[in-house]
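Single chain ahead, written as structure tokens, the form predicted on its own.
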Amino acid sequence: MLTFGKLTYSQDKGAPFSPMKHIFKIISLLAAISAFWVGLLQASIIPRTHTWLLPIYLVVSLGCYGLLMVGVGLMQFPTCPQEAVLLQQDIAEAKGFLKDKGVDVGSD
């Protein structure tokens, strides 16, 4: 069993999360999108010139979605004032230690 943070990966058959199940979901989603795209090509519902551009639109849309999720994540990123104070104390302690050893750490 592998544990990364709150995620646990297990080889057990009864595990709630299985990486293989996730892979099959992705593959089935890609197959469904491909079938839909080929269907549009065959049916000529949308002009052929527009249908050939659909994969490019999909990739651009997914890129925009990814950027949006990164932006939302950055806006909701928690600030930790207690940790900032502890970090500043650690920095001051390290600077003092290095000064005692004769290392120039720059101006304060």
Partner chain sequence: MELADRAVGLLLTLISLSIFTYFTFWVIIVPFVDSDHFVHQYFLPLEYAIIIPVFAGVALLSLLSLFVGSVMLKSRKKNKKA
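Residue numbers count along the first chain shown, from 1. Because the structure is predicted, anything quoted here is derived from the model rather than measured.
If you look for the form predicted in complex with the partner chain, you will not find it shown, but the lines that follow are about it.
In the predicted bound form, the partner chain lies farther than 4.5 Å from every heavy atom of residue 42.
Using a 4.5 angstroms threshold between heavy atoms, residue 61 counts as touching the partner chain in the predicted bound form. Using a 4.5 Å cutoff between non-hydrogen atoms, residue 31 does not count as a contact of the partner chain in the predicted bound form. In the predicted bound form, the partner chain lies farther than 4.5 Å from every heavy atom of residue 36. Along 53-81, residues 53, 56, 57, 60, 61, 64, 67, 68, 70, 71, 72, 74, 75, 79 each place a heavy atom within 4.5 Å of the partner chain in the predicted bound form.
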